[in-house]
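Here's a solo chain for you in structure tokens, the form predicted on its own.
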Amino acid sequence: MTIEIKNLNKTFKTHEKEVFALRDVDLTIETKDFVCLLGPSGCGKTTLLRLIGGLEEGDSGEILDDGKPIVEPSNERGFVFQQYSLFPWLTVLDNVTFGLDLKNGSKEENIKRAKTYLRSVGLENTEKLYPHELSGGMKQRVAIIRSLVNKPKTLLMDEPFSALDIQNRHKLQEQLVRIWQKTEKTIIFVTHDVDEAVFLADHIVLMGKNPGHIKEVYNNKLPRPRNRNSKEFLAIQNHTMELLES
């Protein structure tokens, strides 16, 4: 599944003026890529992700998914938001099976699949718990699994780990890489954290603002598993910072 973004523009109108969120964005994302959209606040990262997800429409240009225009949300593209977005009145298991049940599949098969996915991230003992009984890291794992269980081809993630402490953030980053390697999904991940982008991505899309635009796409060839303390990792991190600030 190749996602092609061609000459994409997006504006937002306020009471006082028209603000360019994105201008002349061109980008191609290949199947199984792990891509991070990296840049400062206000550079249009989340807007671009929402446009790819079909949650918003551009003013001009186009976004193609395997040659077909993206005009609305689709089960082909799962979305994990910055906030956990779980239903507080449903258990973990019911949250995960919610989308599956809407497809009118076998309830027994839906539960079996959900339990398998929960077990893969160490949440097999949380099935009967409610969101308020979970830690932040556990909630975000449930949100990720809820998207993955529907078997989307592309997973869109909007700063999903930003609210977590650094230890949990690093653990979830490692789990996400393992999930990506196992499932071979295409992942598009928004972040403003250079360390996170270098650890996760094969391709880092560096964005600037006023208006939002793509400055450069850096191909991160650092082999996996990645060691944050290695000279190679720190060198790429410093180089990425220089590209952002240039």
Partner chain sequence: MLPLFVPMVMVVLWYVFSVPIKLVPDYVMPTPIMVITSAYQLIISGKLLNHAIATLIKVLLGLILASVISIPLGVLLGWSGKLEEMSKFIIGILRPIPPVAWIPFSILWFGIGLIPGTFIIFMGCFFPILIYTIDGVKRTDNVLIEAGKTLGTSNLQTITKIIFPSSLPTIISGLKVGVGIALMCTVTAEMVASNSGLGYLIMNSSQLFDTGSVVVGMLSIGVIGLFFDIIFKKIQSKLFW
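Just so we're clear, the structure is a prediction, and the values are computed from it rather than from any experiment. Numbering follows the first chain given and starts at 1.
Only in words, not in the display: the form predicted together with the partner chain, which the text now covers.
Note to self: Can you tell me if Val71 lies within 4.5 angstroms of the partner chain in the model of the complex, counting non-hydrogen atoms only?
What the structure shows: Because no heavy atom of Val71 falls inside 4.5 Å of the partner chain in the model of the complex, the answer is no.
Next item on the list: Please run the contact check for Arg77 against the partner chain in the model of the complex: heavy atoms, 4.5 angstroms, yes or no?
Entry: Close contact exists here: in the model of the complex, Arg77 approaches the partner chain to within 4.5 Å, heavy atoms only.
Next item on the list: Would you please decide whether Leu55 lies within 4.5 angstroms of the partner chain in the model of the complex, comparing each non-hydrogen atom pair?
Entry: Looking in the model of the complex, residue contacts with the partner chain include Leu55, since a heavy atom lies within 4.5 Å.
Check: Within a 4.5 Å heavy atom cut-off, is Arg146 in contact with the partner chain in the model of the complex?
Finding: The answer is yes: Arg146 has a heavy atom within 4.5 Å of the partner chain.
Item checked: Sole residue of Asn150, Gln175, Asn168, Thr126 within 4.5 Å of the partner chain in the model of the complex, by heavy atom -> Comparing distances to the partner chain in the model of the complex, the residue within 4.5 Å is Asn150.
Checklist line | Contact segment among 192 to 200, 47 to 55, 34 to 42, 207 to 215, judged by heavy atoms lying within 4.5 Å of the partner chain in the model of the complex | finding: The contacting stretch is 47 to 55.
Checklist line | Sequence-ordered residues of 72 to 88 touching the partner chain in the model of the complex, heavy atom within 4.5 Å | finding: Result: Pro73, Ser74, Asn75, Arg77, Phe79, Phe81, Gln83, Tyr84, Ser85, Leu86, Phe87, Pro88.
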